[in-house]
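The chain below stands alone, shown as structure tokens; this is the form predicted on its own.
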């Protein structure tokens, strides 16, 4: 990574400009071409410096204010398939496996979003039916403390 890559990361870490040609605007501030910006982003992705370059929607800003972390007790032999099914629900943004603990028997977790708690509860019911597993816990978010990734200073 060189100085231009670091500047590029700083310029984009909080989002790209909301203009018709955002990469032209970024290139202009860096004194390079749009093509060079795109090449550098691709290289940073290939090298694993950045994992992904994607749009992120502020779900609270568009009215999706209910969030629930849901956990299911899934037999080990079904973990992969159940995880795939849950991850395919539009209301789910995160789905992953965690190790069980003697006091917590749940191993598949999913973040479910909805406009209301009732919406989330309905989604959890649909998921449970789709995976045929009804042993689960639902933990609703009360407050959001942080919603940022790693930052370059």
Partner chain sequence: MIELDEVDKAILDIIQVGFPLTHRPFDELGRRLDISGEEAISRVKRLKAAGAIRRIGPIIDMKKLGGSSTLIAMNTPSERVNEVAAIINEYSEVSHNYLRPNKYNIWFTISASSKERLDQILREIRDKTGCECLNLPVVKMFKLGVRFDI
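Just so we're on the same page, rigid core means the largest C-alpha set that superposes within 1.5 Å between forms. Everything numeric here is computed off the predicted structure, so don't read it as measured data. Positions refer to the first chain, counted from 1.
There is another form of the same protein, the form predicted together with the partner chain; it is not shown, and what comes next is about it.
*Do residue 130 and the partner chain come within 4.5 Å of each other in the predicted complex, heavy atoms counted?*
No.
*asked:* Just checking whether residue 150 would be counted as a contact of the partner chain in the predicted complex - the rule being heavy atoms within 4.5 angstroms.
replied: Yes, residue 150 lies within 4.5 Å of the partner chain in the predicted complex.
*asked:* So, residue 125 and the partner chain: in the predicted complex, are they within 4.5 Å at any heavy atom pair?
replied: No, residue 125 stays farther than 4.5 Å from the partner chain in the predicted complex.
*Might residue 134 be said to contact the partner chain in the predicted complex, defining contact as any heavy atom within 4.5 Å?*
Although the partner chain is absent here, residue 134 would stay clear of it in the predicted complex, with no heavy atoms inside 4.5 Å.
*Between 10 to 28 and the partner chain in the predicted complex, list the residues on our side with a heavy atom within 4.5 Å.*
Contacts from 10 to 28: 12, 13, 14, 15, 16, 18, 19, 20, 21, 22, 23, 24.
*Shift of residue 133 between this form and the one not shown at or above 2 Å (CA, core fit)*: Residue 133 C-alpha, core-superposed: shift of less than 2 Å.
*Rigid core fit then residue 27 CA moved by 2 Å or more between this form and the one not shown*: Comparing the forms between this form and the one not shown, which are aligned on their rigid core, residue 27 does shift its C-alpha by 2 Å or more.
*Return yes or no for residue 118: a CA shift of at least 2 Å between this form and the one not shown, with the rigid core superposed?*
Where the cores coincide, residue 118 shows only a C-alpha shift between this form and the one not shown that is less than 2 Å.
*If the CA atoms of residue 92 and residue 18 move by 3 Å or more in the predicted complex, do they move toward each other or away, so closer or farther than here?*
Those two alpha carbons end up farther apart in the predicted complex.
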